[in-house]
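Okay, so here's just one chain, in structure tokens, the form predicted alone.
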Amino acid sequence: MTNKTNNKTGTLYGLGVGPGDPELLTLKALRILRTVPVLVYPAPVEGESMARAIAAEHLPGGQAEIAIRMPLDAARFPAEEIYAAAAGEIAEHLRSGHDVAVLCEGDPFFYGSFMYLFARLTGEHEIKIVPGVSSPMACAAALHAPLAARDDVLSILPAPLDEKVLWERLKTCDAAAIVKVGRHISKVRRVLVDLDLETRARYIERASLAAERIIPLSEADDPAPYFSMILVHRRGEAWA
């Protein structure tokens, strides 16, 4: 494992580990995972880190690990004081010459919490971003349904948006990936039904994992699991 001398600071890696399937790591992410001396990953207040679980079978052992444990409910996220403390701990390792990899579900800069560490550490430390397979790509692959085709404009819509805003966005979109569905699924369903798009929508949860499930949107649980998504294609031609 890399352990730089103290006259040179370490590099911070924002490491995309993909949507869940450990085989979807990139070769670059795999190389870094196996060489950095310090691993950092987000985790719930109690329980296992999804990001670490994805990477677990590739880890060589013997690495220092920092779990950033935080509440994940919207009212308390992002937890600024928790990210500030984590950034301080990471900075100490970097100043000591140790490379640090922050494991990020999906891609670090696609709605990734890594941005909160990046904002605190950029400018003072060398940071490299390693892209990962993001959830819309994993969902499209599992559904055998293209995200978009020809000249379609693809919209990424967070389900927590106000219902009226969501309605307006979907009214004019060619294709959409609706993310962060969770407890907002009933609202999303209402909008899709009202716009006559329900039959043009596809629902999936836990894409690329053993528990992956593809079911009609009308049968989805309320609330939906955290790892769930709805893909919409207005023309439907790409899905023929």
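Predicted model, so just to flag it, every value in this text is computed and none were measured. Residue numbers here begin at 1 and follow the sequence given.
There is also a form predicted in complex with another copy of the chain; it is not shown, and the following applies to it.
The three marked residues, Y111, M137 and S155, each reach another copy of the chain in the predicted bound form, with a heavy atom inside 4.5 Å. Remark: E23 counts among the residues lining another copy of the chain in the predicted bound form, judged by a heavy atom distance of 4.5 Å or less. For the chain shown alone, D99 is not a contact residue for another copy of the chain in the predicted bound form, no non-hydrogen atom being within 4.5 angstroms. Contact check for C173: a non-hydrogen atom falls within 4.5 Å of another copy of the chain in the predicted bound form. In the predicted bound form, A84 stays away from another copy of the chain, with no heavy atom inside 4.5 Å.
For the partner-free chain shown, G132, V133, S134, M137, A138, A140, A141, H144, A145, P146, L147, A148, A149, R150, D151, D152, V153, L154, S155, I156, L157, P158, P160, L161 of 132-165 come within 4.5 angstroms of another copy of the chain in the predicted bound form, judged by any non-hydrogen atom.
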